[in-house]
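Next up: just one chain, as structure tokens, the form predicted alone.
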Amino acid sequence: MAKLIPSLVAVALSTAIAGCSPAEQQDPKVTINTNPYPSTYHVLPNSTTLLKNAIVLTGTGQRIDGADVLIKDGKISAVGPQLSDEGAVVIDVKGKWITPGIIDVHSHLGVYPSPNAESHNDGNEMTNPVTAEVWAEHSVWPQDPGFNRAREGGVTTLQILPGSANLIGGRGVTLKNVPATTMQAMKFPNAPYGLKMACGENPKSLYGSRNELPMTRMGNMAGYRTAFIQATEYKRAWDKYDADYAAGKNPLVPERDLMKDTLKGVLEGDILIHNHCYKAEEMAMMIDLGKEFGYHAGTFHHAVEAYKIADLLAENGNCAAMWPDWWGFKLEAYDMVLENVAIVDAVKNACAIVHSDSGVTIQRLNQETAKIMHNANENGFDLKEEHVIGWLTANAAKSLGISDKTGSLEKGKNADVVVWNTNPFSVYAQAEQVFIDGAKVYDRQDPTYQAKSDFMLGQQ
């Protein structure tokens, strides 16, 4: 036994030395920059402002007559009667109405700008059914005069989306509607990215005409599923890399793929789905697609048949962004009712939104909403202004993932505020003053606050 001791000691020493040896030499950790084009937005010059004696719709379902709104440090400081603040600029708006700034969740301003010219048609990358790698922000032309026209209609925030030619059309970007020379200077800080998807006729018609997949709705579904299968494997590869690196190993870095980066962001819950989808059965299918791959199906846009599945949408927490009366321009848009938004809204926990998808109707979304309220009330509903304003504000903010920052006149939220000359749902309504983060960005009576695009300077 004594002769075995030296060898046992050697083994023990060897084991001890191995246990004390440093970890495998690691290369620098590789991480994906999820925001390589960051916002450079800065709040415009502003002062403490007290708006007095208005009819206020808070965006939370409340109407307060004879109320004041105090704006301080770019935020809503207080809403209620008989407010005061030493040093505030006091504006008497007696008889006028105040609402949160309007939010349009579906716009193509800047990517399909005015004037409508082929050289500016930058909203649809119609080269592949899946183009998740493209980002609408890389096409935005901030000098689009449409931004100014929208601001004159009370729009303070808007999401710019790619078009609907592809199954997966690319990322959308949320902008603050401030005059700027760069997209980054308009970009809403820390707003989640959106991903534009499209059901139905558009993708299958375009690619079917080329004898490519998809040619049918079952081809559409196969295309989505194939893309998310690839994204799932891509995410698994990066998750393994991160875990191995954390364990002290020196793993090979997965190969970057811009398309799969975006879909990985969806799977991780960082990028929100915005899906062009008209028909009830297709929206139901897209909800199940999300469940198959573990992501939320997000907001359905246009949603002409949303009234048929209002309970399903509410149950799954899906918003529906709809028009008041656009229908019949193609077969999948045929089965419409003018009470669509109201029916969706009537279900508990619903998230009904009115959107534009138009450089024209974005200028009067308040009156688009009024049409819905009128048609619905003519047919047995009892909708009030203090409720339906949420279709343009609070619900829209929820859809974009920014409801903690804007969408209602609650203390601490961004002071995105519109002063209207009368009931905003009147045909005679005009936005008189518009504030973004407490800074006045539009005044109907003061040319100083009537921004003009560089493109329009010198135009007759």
Partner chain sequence: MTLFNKSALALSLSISLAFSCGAAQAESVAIIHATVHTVTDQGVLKDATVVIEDGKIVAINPTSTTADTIIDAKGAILTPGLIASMNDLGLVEIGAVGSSLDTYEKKADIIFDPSLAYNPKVTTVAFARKGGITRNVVSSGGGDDIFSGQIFTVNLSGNWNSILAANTGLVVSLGATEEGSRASGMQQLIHKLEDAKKAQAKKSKAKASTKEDDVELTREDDIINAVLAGEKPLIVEVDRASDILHLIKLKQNLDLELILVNAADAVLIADKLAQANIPVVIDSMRNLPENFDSLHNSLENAGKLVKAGVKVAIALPGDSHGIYALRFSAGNAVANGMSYDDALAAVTANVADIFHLETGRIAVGKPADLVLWSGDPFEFSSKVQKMWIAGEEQSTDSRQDKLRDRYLQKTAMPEAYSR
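Numbering follows the first chain given and starts at 1. Source: prediction; values computed, not measured.
Keep in mind that the form predicted in complex with the partner chain is missing from the display, and what follows is about it.
Exactly one listed residue, out of Arg217, Lys264, Arg364, Lys187, brings a non-hydrogen atom to within 4.5 Å of the partner chain in the model of the complex: Arg364. Lys330 is the sole member of His296, Lys249, His138, Lys330 with a non-hydrogen atom within 4.5 Å of the partner chain in the model of the complex. Remark: of stretches 155-163, 168-176, 240-248, 140-148, the one touching the partner chain in the model of the complex is 140-148 (heavy atom within 4.5 Å). Here the marked residues Ser114, Tyr334 and Gln459 all reach the partner chain in the model of the complex, each with a heavy atom within 4.5 angstroms. Proximity of Asn379 to the partner chain in the model of the complex: non-hydrogen atoms within 4.5 Å are present.
The partner chain is not drawn, but in the model of the complex it has no heavy atom within 4.5 Å of Tyr234. At a distance threshold of 4.5 angstroms between non-hydrogen atoms, Val360 is in contact with the partner chain in the model of the complex. In the model of the complex, the partner chain sits within 4.5 Å of a heavy atom belonging to Glu339. Heavy atoms closer than or equal to 4.5 Å to the partner chain in the model of the complex belong, across 46-68, to no residue whatsoever.
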